[in-house]
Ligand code: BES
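Below you will find one chain, with nothing else, as structure tokens; this is the form predicted alone, and questions on how it binds or moves follow later.
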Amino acid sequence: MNVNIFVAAAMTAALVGAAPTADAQTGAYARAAVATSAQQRPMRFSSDLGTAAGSLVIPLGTASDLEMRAAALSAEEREAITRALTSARFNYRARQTLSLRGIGGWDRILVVGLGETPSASVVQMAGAVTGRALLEEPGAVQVLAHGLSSGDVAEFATGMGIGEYRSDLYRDDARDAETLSSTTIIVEVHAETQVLYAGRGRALIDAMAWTRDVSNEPANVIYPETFVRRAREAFAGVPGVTIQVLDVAAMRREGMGALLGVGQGSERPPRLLVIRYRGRGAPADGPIVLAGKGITFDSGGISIKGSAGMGDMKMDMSGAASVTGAVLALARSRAAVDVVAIAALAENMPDGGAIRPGDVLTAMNGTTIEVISTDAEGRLVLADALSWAERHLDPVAVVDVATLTGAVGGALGGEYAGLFSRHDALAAQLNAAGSATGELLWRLPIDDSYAADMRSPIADLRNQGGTGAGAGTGAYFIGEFISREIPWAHLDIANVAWTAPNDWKPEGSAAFGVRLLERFVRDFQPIEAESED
């Protein structure tokens, strides 16, 4: 079938709100894939500055950097840039930008601040700011990077690719890939930089784009079955990857009553997606498991949400998207790690078959759960995901990621995700990965007093605590489905997964957790399985 016919079918299904047909589903993916491919400029590295045309980018940490970085420019061009920086009182702080036009033959000169002693994450974010600032510039881009280390240049190039992401997947005026020229990074040792970028940076850009795409897609396009399909396509042909999918029948055989209970109110059946990547040279002591909440649409179920903002609940699968994206980045870059992404996928809807407040579910590990609110469903799907991981994978560590509670935003605002763990060494490694990538975590308590909040008169647990520590009681509940001997942490990303547009990203998914978890897995050090006192 003609691609244009596929696209028309998908758009028709989206407009009427119907579940797409098989052909329309394929068309929706083709449309999104075209949009994503259009967002990336070809990246090149060179020792020589090309013709003065298009956009020129000059990253600067201090005023003295200009002489070295812009040595290839004419004296008149350097003098004009210096005057503009002085006039604008440019202070070179990280992510500060100054756009100049009418200098030499350049359509635009963009000066980007790095700060005096930038970390790798700061350099990458400066690159992302640059990529976003140049979104509407169709001409070629050249970046003067003389004097930066090969590692910093690779980070800046990676950031540019991340910043070029666009979320307008279904806009008629979305950018056409054929209209984009290339980006050329001008650096002394370009061969080494190219290896660093190709080995890791390119994989991270693609994984971030994949994660944001599936999170930004509407719920009539992404639901459990199509999430699985997208993941299969993303990992196709990648060495070291095995994929297992549990359908409803398989989950029934496993006794996964919590995940199945959440999904039983929807016409779209739930799935448990398990993606394992074992790289060459990976440790042989067992995998690191990353488990993600994958509620592809959360109406709240019978405990239905208010209408305001409900459309954003297509992003309630961001945890599943991020753990899948992190493993995609590791696998495509051939990292020497053993890691598993588990996506616990369901749609939480309120039809006649849906679970009700007061119902009792039995999780895979035999724990019975009284449903207090059907809108506290993320912890239910993760309960079975963690139980499955412990039974089948013998993990060395488990980290779950979820848009779990609004309470975490009340505690931490929009800068930090909530980190909960009973294992200090694991929490320290996650915090270090967050600091290294700029995806920051703040550790919050899992207090033993939360046990009383989760106690049920009819079952082992109830799925919602009292009116107090909402984020903490949610974490406590999930932790009851993994042995205390296994190092485990819970990341509540509800306040950082879906954010307003800013200088480095458009509206929608931030793909929070992809960079953090990719770094965490790469740097992981074995942990003795000791719970806190």
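Numbering starts at 1 and follows the sequence shown. Fair warning: this is a prediction, and the values are worked out from it, not measured in the lab.
Another form exists, predicted together with the ligand; not displayed. Remarks below refer to it.
Please state whether all three residues 305, 373 and 405 have a non-hydrogen atom within 4.5 angstroms of the ligand in the predicted bound form.
Yes, the whole trio is in contact, each within 4.5 Å by some heavy atom.
Which is the contacting stretch out of 320 to 328, 374 to 382, 422 to 430, 93 to 101, given heavy atoms within 4.5 Å of the ligand in the predicted bound form?
Looking at the other structure, the answer is 374 to 382.
Selected contact from 440, 313, 444, 80, since only one has a non-hydrogen atom within 4.5 angstroms of the ligand in the predicted bound form
Flagged contact: 313.
Of the options 152, 298, 164, 213, which one has a non-hydrogen atom that comes within 4.5 Å of the ligand in the predicted bound form?
Filtering the options by heavy-atom distance leaves 298.
Using a 4.5 Å heavy atom cut-off, state whether residue 464 contacts the ligand in the predicted bound form.
Because a heavy atom of residue 464 falls inside 4.5 Å of the ligand in the predicted bound form, the answer is yes.
Residue 494, heavy atom within 4.5 angstroms of the ligand in the predicted bound form:
Yes - in the predicted bound form, heavy atoms of residue 494 and the ligand come within 4.5 Å of each other.
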